[in-house]
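Listed next as structure tokens is one chain, alone, in the form predicted alone.
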Amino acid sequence: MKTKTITINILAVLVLMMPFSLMAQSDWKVSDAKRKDSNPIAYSDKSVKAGKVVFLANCKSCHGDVGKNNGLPLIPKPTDFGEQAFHDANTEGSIFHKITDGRATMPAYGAILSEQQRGDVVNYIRSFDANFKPTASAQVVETPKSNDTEVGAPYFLEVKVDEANSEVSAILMGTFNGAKAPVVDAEIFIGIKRYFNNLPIMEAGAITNEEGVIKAIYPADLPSGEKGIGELVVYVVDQEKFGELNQSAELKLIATHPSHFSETRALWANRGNFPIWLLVTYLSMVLIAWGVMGKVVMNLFKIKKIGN
């Protein structure tokens, strides 16, 4: 009887896992017509850069950094577009329509991003395809900028705060021919330190411009403790390439009476002011748990007594 029950349970687990297994193993294919489509946006350096901005703002949170295989652990796992196998199996038409239509955990971005943005993302993804050669008619040749490829270490991160306009500027510089030079297209986080997670204030997907600068406007009316001083947090996202570059600075925000933080009962208050309902719930669960354990012990003694 026991063996039969175990077998049934194992089969039930396998049946429940089957859809996930099939989903993980199946290929996501589009129709032949969509596969043969061309990207409506011509390939160019400008489009690739624009696609990177859109990718960082909308795709990176699930797919991770391209080539680092650090996407979310979903089923199926989001594709790492640094994998050549993906590019070998997908045309630019396939990628465009997958972004547009979505499937399962992949949202349909047709109603979220414009055709221009989706096409730019396709070009950004295609830039990681070692075998991709854009057609001469589609390729726009732009004058290469020496800063794009030749600026190297050591790198320097500087932060400037314009209190009059509530503006923060993060400047990333590298070294070129022994002199400082701006680093272009680098992702920098700019935020304000909070209790749980830092509050980002830069535009999603923002990257440094040709001067190596990202600017952000901070909410000067943000409540921030009794002294009204907030901590600005700035760091370069790609630490593998640029190293651990981070800066901090004080921001003048809005002073808030301490009663709002310490006297109000809330989940984020100090331990002396946590909610009463949470205390009652916790104590009830503890009492129930001890009661169940006590009942089990009593029954064990009864069983032993009956056996004697």
Partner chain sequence: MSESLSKEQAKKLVDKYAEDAIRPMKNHKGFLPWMGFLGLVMVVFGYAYYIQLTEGLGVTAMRDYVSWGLYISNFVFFVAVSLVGMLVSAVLGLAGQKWVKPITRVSEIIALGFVMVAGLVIITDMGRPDRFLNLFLHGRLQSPIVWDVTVITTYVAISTLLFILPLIPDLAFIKKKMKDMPVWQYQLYNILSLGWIGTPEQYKILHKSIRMLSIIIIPVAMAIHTVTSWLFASTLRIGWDTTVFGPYFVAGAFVAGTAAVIIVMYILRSNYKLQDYFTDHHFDMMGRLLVLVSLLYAYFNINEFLVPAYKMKTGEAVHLHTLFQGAYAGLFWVVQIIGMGLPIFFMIFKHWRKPNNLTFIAVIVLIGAFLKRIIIVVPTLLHPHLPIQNVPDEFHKYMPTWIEVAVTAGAFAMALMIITILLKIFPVIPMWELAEEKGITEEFEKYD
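Residue numbers count along the first chain shown, from 1. Note that this is a predicted model, so its numbers are computed, not measured. Only the largest set of C-alpha atoms that superpose within 1.5 Å between the two forms is called the rigid core.
Keep in mind that the form predicted in complex with its partner chain is not shown, yet the notes after this line are about it.
Open item on the list: Only one of 28 to 36, 240 to 248, 46 to 54, 274 to 282 has heavy atoms within 4.5 Å of its partner chain in the model of the complex; I'd like to know which.
Closed with: In the other structure, the partner sits against 274 to 282.
Open item on the list: in the model of the complex, does Ile254 come within 4.5 Å of its partner chain, counting heavy atoms only?
Closed with: Judged by the heavy-atom cut-off of 4.5 Å, Ile254 is well away from its partner chain in the model of the complex.
Open item on the list: I'd like to know whether Ala42 contacts its partner chain in the model of the complex, with contact meaning heavy atoms within 4.5 angstroms.
Closed with: Contact check for Ala42: no, nothing within 4.5 Å of its partner chain in the model of the complex.
TODO: Using the partner position in the model of the complex, report whether Cys62 sits within 4.5 Å of its partner chain, counting heavy atoms only.
DONE: Taking the distances in the model of the complex, the answer for Cys62 is no, it never comes within 4.5 Å of its partner chain.
Open item on the list: Going through 174 to 194, which residues have a heavy atom within 4.5 Å of its partner chain in the model of the complex? Please give them in sequence order.
Closed with: Nothing in this stretch is in contact.
Task: Did Leu278 shift 2 Å or more between this form and the one not shown, C-alpha, core superposed - done: Comparing forms between this form and the one not shown, the Leu278 CA shifts at least 2 Å.
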